[in-house]
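Shown below, as structure tokens, is a lone chain in the form predicted on its own; questions about how it binds or moves come after it.
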């Protein structure tokens, strides 16, 4: 039995017993195993009967495989109220919902991803910064400190995503929040765009969300076996282009529309494992590299593709897009963070696509 199979069950036992987020780190082996079972299926019952302390050490043997763990909390997380608990109706600070939790943010080294990482860390979470840009992830982790860890991952490659899940299980025992943020844009007319750009956009924005949910969802489901009342979250950072079409940007909009279909379908399936699956559909983050990069940013791409009739400069393209927003600005990282906190805090919502667009896209019946 590998540590990634054992650790989520052990972490789940602590979650279920103490009702607070737990960091389950590898520990030095002790002389005797506190729990010893012949097969993995016997472990949940053994954990339910075990004496657990927090913080505390525990050694677990499954067959010939033995692992030692140290369970602790990050900061001082409060027990998480649910359902009819009166505390669930209290108007506590919304950001408190992530104190002590373990999160992973894909595409976390730059743009919206980096904004989300910063917000979660500032609110007391431990955050894996998962990105193909290894140097960028390591630089951000060094800046933000010991409650972060960089992970190099190609979200469109299943072996890479599977390895990320194994690394998370071996390092913290599991996690509580998945923010699937990694994405790309390849704008262009359907009459002219290369099929390779269309496929790449689909792989990163659509197929990768399937892979992320498959492998990290397995960790969340394993924890649930020993923590039957613990709720976890998968949040896809989608786009307003997942709600309305986008002119000369069909590859992107199509992948985002498809992502919402996955969100709704995964929500229906994973509810039995206590996993809520939702999407946030932000408006345009004009100050991030996706839009403002001087070489590959969308302002440059849209100017070159003629998407904005009559525009001759990047500034004119930006003015055109800002004029479409009733609140007259682009989306900020803080706007998205408030939506993330809402979706985590809200026990009674799954399968939703929440627009954060300054009024540019409004839901209709």
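Positions refer to the first chain, counted from 1. In this text the structure is predicted, and so the values were computed from the model without any measurement.
There is another form of the same protein, the form predicted in complex with a small molecule; it is not shown, and what comes next is about it.
> To test your reading of this chain, name the stretch in 221-229, 168-176, 127-135, 70-78 whose heavy atoms come within 4.5 Å of the small molecule in the predicted complex.
Correct option: 127-135.
> All three of 14, 43 and 275 touching the small molecule in the predicted complex at 4.5 Å, heavy atom to heavy atom?
Not a single residue of the candidate spot has a heavy atom within 4.5 Å of the small molecule in the predicted complex.
> Among the candidate residues 111, 188, 150, 100, which is the single one with a non-hydrogen atom no more than 4.5 Å from the small molecule in the predicted complex?
Of the listed residues, the single hit is 111.
> Considering the small molecule in the predicted complex, which of 270, 263, 182, 121 comes within 4.5 Å of it through any heavy atom?
That would be 182.
> Determine whether any heavy atom of residue 284 comes within 4.5 Å of a heavy atom of the small molecule in the predicted complex, and answer yes or no.
Yes - in the predicted complex, heavy atoms of residue 284 and the small molecule come within 4.5 Å of each other.
> So, in the predicted complex, is residue 155 in contact with the small molecule at a 4.5 angstroms heavy atom limit?
Residue 155 belongs to the contact set for the small molecule.
> Taking the shortest heavy atom distance, is residue 217 within 4.5 Å of the small molecule in the predicted complex?
Looking in the predicted complex, residue contacts with the small molecule do not include residue 217, since no heavy atom lies within 4.5 Å.
> Counting only non-hydrogen atoms and a 4.5 angstroms cut-off, does residue 290 reach the small molecule in the predicted complex?
The answer is yes: residue 290 has a heavy atom within 4.5 Å of the small molecule.
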